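In the form predicted on its own, a lone chain appears below as structure tokens.
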């Protein structure tokens, strides 16, 4: 049997697509890649193809990255894949490659602030078992019933070079959460993709099926993705914390947070990009509904996380911000690129640290919210796309065709769901993710 390696990209739909090649060709493929087609960028999460500016024209290459290789032995089969970059035939980064878009955002961060990004993605997912666990929110029995799956999954995560912080039975029906440690730069988004793929693979080889859909049942909880953010200076020292800053934020962190919140309504379509994402982004779901900073508040879009040590050196390394208005319908590279660009915009504009909220903003009137600089986030994907498409500053972060390509991509996804009721839409996304 000839072993194969799957060269992969995580695309605008947050789906991992690519081509396999014989493992013996690896050396050649690391430089020459596999052929790719520009219009592939318009394959939506339901495998429809949106209106494309490329049509049937053009050729690209998908180049696997040796630093993003995963080889997981499931006994009966070895799953071997490598994330990579889409480039032109001349070897230049393609302007719609999500991995290249993140690299550009990270380069901007280093250029403007002289820091590097540390990030970690915290994922919730559900197993689609016919047997529904009830009364086991955070329960030991709920965990023990899937201990073999959890131990297998964390073993494969470790074999991929990632560190597991924790795994648990979450609040929802058959819902689990896996938290991994932070990674630097592009590796953080790669790690999020790897975690999702290994979760699906481990479930499949365990006789289960996993879904990362934003929400399976509107009457229950959703599956969020929380993105933790912090910074290192050029010497590798923490640059996020200042004991004298507001809520412990350094001046850099405060401006970065303010940028995210200022542009949040215009980037939400990139971090919560499905029609059903907006069933979850409502008050009292422990998700996010307003552009607010919270101090240890799990209903804030951005929160300052608690630290568990009093050692000043350890505090500075543990201190981080958590973005909560995201889910796994988003490509991790694209979501992180949007957050980095928004944060850097805040630094460039010299924004001040936001004042944290300590109240239920859903109880305030629109006038009271506006007076304090708060807005209700878009309540539908269509509204979020409208904000995204109308914001010239946000459009300027990306290449000239990106906004129109992304809007067309999402329009095709919305059209696919036309005429479906909420339950049918949730079922469609459960299959897709």
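Numbering follows the first chain given and starts at 1. It should be emphasised that the depicted structure is a prediction, and the values quoted were computed from it without experimental measurement.
Here the subject shifts to the form predicted in complex with a small molecule, a form of this protein not shown in this document.
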Exercise: residue 128 in contact with the small molecule in the predicted complex, heavy atom 4.5 Å
no
Do residue 124 and the small molecule come within 4.5 Å of each other in the predicted complex, heavy atoms counted?
yes
Test of understanding: in the predicted complex, would residue 287 fall inside 4.5 Å of the small molecule by heavy atoms?
yes
Though only this chain appears here, would residue 226 touch the small molecule in the predicted complex if you measure heavy atom gaps against 4.5 Å?
yes
Counting non-hydrogen atoms within 4.5 angstroms of the small molecule in the predicted complex, say which of 251, 147, 298, 140 makes the cut.
298
Of 324, 196, 156, 216, the only residue with a heavy atom within 4.5 Å of the small molecule in the predicted complex is 324
Please determine whether each residue of 116, 182 and 233 possesses a non-hydrogen atom within 4.5 angstroms of the small molecule in the predicted complex.
no
In the predicted complex, which of the stretches 147-155, 101-109, 169-177, 237-245 has residues with heavy atoms within 4.5 Å of the small molecule?
169-177
